[in-house]
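One chain comes next, on its own, written as structure tokens: the form predicted alone.
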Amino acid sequence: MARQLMWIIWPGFFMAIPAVGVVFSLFDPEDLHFFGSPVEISHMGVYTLGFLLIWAFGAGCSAMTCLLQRTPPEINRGIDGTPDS
């Protein structure tokens, strides 16, 4: 289970690093607006939230890849590896 979690978390992390660099080299946190009003968070807070959001999207993509590479019998097995009753 921990190995599969690392298959999901690390690719998302490695994708988030350059993505945040690209996004925040194009957009300044002072120019961001949320529902028409300026964002009232510090620059570091915006960078942190942006990194975590992009990391979550990357991890979601990795999780979907891990799910789609499994065979139907692997998916239908229980968490502990025993077949469901």
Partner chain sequence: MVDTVQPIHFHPKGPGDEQPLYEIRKKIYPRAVSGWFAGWRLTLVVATQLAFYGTAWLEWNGRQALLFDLVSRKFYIFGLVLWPQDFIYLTALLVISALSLFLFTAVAGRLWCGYACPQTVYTEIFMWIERVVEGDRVRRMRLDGELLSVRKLGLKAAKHGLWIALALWTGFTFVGYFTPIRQLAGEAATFSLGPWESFWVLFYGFATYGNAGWMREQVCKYMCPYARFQSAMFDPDTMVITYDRQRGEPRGGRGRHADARALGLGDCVDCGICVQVCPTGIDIRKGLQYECIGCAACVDGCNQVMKKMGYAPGLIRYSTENAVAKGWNFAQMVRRMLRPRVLIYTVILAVVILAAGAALLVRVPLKVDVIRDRASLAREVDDGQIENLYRLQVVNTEEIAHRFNISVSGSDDLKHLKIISESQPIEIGPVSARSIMVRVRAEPEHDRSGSERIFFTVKAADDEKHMLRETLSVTEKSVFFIPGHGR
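Keep in mind the model is a prediction, meaning the values are calculated, not measured. Residue numbers count along the first chain shown, from 1.
The same protein also has a form predicted together with the partner chain, omitted here; what follows describes it.
Interface residue remark: Ser42 is counted as part of the site for the partner chain in the predicted bound form, having a heavy atom within 4.5 Å. Using a 4.5 Å cutoff between non-hydrogen atoms, Val22 counts as a contact of the partner chain in the predicted bound form. Leu49 belongs to the set of residues with a heavy atom inside 4.5 Å of the partner chain in the predicted bound form. Using a 4.5 angstroms threshold between heavy atoms, Phe27 counts as touching the partner chain in the predicted bound form.
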